[in-house]
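As a starting point, one isolated chain is supplied in C-alpha cells, in the form predicted on its own.
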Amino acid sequence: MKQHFDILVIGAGPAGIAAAVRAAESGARVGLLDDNPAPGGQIWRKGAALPAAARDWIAKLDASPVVRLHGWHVFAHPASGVLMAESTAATDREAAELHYDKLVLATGARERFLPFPGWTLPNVMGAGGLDAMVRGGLPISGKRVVVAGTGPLLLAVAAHLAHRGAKVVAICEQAPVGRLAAFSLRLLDQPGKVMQGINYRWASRNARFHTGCWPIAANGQGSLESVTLQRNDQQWDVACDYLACGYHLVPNLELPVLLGCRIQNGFVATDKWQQTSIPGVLCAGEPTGIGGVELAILEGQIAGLAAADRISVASGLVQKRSRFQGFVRALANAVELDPQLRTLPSAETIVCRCEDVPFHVLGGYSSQRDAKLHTRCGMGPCQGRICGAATQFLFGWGADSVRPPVLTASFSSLAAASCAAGHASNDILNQNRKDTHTL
C-alpha cells in the first residue's frame, strides 16, 4: 500500500487527535496513524470512563475527513518524506509506504521501570500496565494491590483499581513529603488538577499513603506473595496479590531520533510552533515534556495549525500553552528520582529481561553501546525500551543512536522499505541528471 498525505500525524493520543483535527480544518489531506485499534492513546484508552474533553475530541475526529490508520506502527524512514509502516494484525503483516509533505510526531510516553529483586515475578507489573489489563477485563475485585513508584499516575491507578473492587493496601511514592507539598502549592492556579487529585485520593482512601517509600523486593514462590517496602531505615513486608510499580514516564523518542530531531534534556526540542530541528517535522505532547493531557492538547492544536500554515490561529494558543509549561518543570522537580534507588538491584537481579542480563554483568561498561556489544543488553524484542531508561538512571549511560527497524517488522516489510529507499535514490539520481543536462 502506498499513500500520500499533505500532513501525516503519528500517534492518536490527545496530542495527535488535536493535531489531526485542526490540520484537517484547512482542507489538507491528513492521515493519522496509531498502533492501537481505536483513538485515544494510553490515557484515553478504550474501556475507560472518558472525560468530557476526550469525548469531545474523539467526536471531532469522527466528524473530520482525517484518514485513520489504526493498527499500524512505523518501523523505518527510508527516505526524506517517506515512512514505512506495518500492520500490527497477527494474521496480516501488510506494509505501507507513507509519503508526506509535513509530519507531526505525537508518539507519547511509556512507564519507567527500575529493577529490584523479584521484579520479574508474575503479578509484578507496571502501574499503567496493570491498569490497562484491568480495563481489558482482568478480574481485580478482592485482590490486594500495592501501588508504588512516583508521579501522578499512582493515584489515578489506585483510584481506578479501587473502583473496580481491588483492595489497595498501600500507595508508595518515592518522593519526600516536602517536594510533594511544594508541587501541591504550584497547582493552586490549576484548581481542576487539584480537584482531580483529591478525588483520586478519596477513591483510594482505604490505602495507606507513604512518602519517601519504595519496594526493595518482591517475594513469592512462583508468583507474588508479598512486597518488602523501605522508608528511611524501616523495612516491612506487605502481603499482596499484585504490585503495580512505575517510576513516572519517559518519552518515546525512537522515531524523532531516527528522523534526526534534536534532543535537549531528554526531550524533543521545538520552537514556539512545535517545529523541530528538521524542517517540516513538528512534535507535540509528551515527547516535548511530560506535562499532562491539557498541555498535550494545546501543543497538538498548535502543531496541526502550524503544519497547515494557519499561524495566525495557532498564535492565539501559544500564550495559553505557557501557563501549562510551568507544570512540566514543577512535576519534573517533584518526581526526581532518589539516588538511593540506584542501590535497589542485587548482583543477580535481571536488568535486561529480554536477554536475561543480570546487574553484576553490566557494571564494568562505560556506555550503552559497549554493554550491548558484549552482553546483548537492549537487543531483545523490546529494543531497550524497558532496560534503556533503567540503565540510563543506574549507570548514567546516554541513549545511543536509533537504527531501523525501530519496532519489529516482517522480512517482507523490510524488503518493501529497502525498495522504497532504492526508488528514492533513483529519483534523486534522475533529478540530478536532469539538472546537469539543463545546465
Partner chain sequence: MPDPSISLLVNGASVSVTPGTTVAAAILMSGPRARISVTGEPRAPLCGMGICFECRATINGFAHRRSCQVLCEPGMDVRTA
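Numbering follows the first chain given and starts at 1. Nothing here was measured: the structure is a model prediction, and the numbers come from that model.
From this point on, the text means the form predicted in complex with the partner chain, which you will not see here.
**Student:** Tell me, yes or no, whether residue 92 is in contact with the partner chain in the model of the complex, where a contact means a heavy atom of each within 4.5 Å.
**Tutor:** The answer is yes: residue 92 has a heavy atom within 4.5 Å of the partner chain.
**Student:** Should residue 138 be classed as touching the partner chain in the model of the complex when contacts are defined as heavy atoms within 4.5 Å?
**Tutor:** Although the partner chain is absent here, residue 138 would touch it in the model of the complex, with heavy atoms inside 4.5 Å.
**Student:** Classify residue 120 as contacting or not contacting the partner chain in the model of the complex by the rule of any non-hydrogen atom within 4.5 angstroms, answering yes or no.
**Tutor:** Contact check for residue 120: yes, within 4.5 Å of the partner chain in the model of the complex.
**Student:** Decide whether residue 407 counts as a contact residue for the partner chain in the model of the complex under a heavy atom distance cut-off of 4.5 Å.
**Tutor:** Although the partner chain is absent here, residue 407 would touch it in the model of the complex, with heavy atoms inside 4.5 Å.
**Student:** Only one of 51, 27, 37, 396 comes within 4.5 Å of the partner chain in the model of the complex by heavy atoms, so just point that one out.
**Tutor:** Comparing distances to the partner chain in the model of the complex, the residue within 4.5 Å is 37.
**Student:** Check each of 277, 230, 315, 88 and return the one that places a heavy atom within 4.5 angstroms of the partner chain in the model of the complex.
**Tutor:** Comparing distances to the partner chain in the model of the complex, the residue within 4.5 Å is 88.
**Student:** Where, among 263-271, 121-129, 278-286, 291-299, do residues come within 4.5 Å of the partner chain in the model of the complex by heavy atom distance?
**Tutor:** Answer to the contact question: 121-129.
**Student:** Has each of 222, 350 and 355 got a heavy atom lying within 4.5 angstroms of the partner chain in the model of the complex?
**Tutor:** Yes: each residue has a heavy atom within 4.5 Å of the partner.
**Student:** Judged by heavy atom distances of 4.5 Å or less, which residues of 374-402 approach the partner chain in the model of the complex?
**Tutor:** In sequence order, 381, 382, 385, 386 come within 4.5 Å of the partner.
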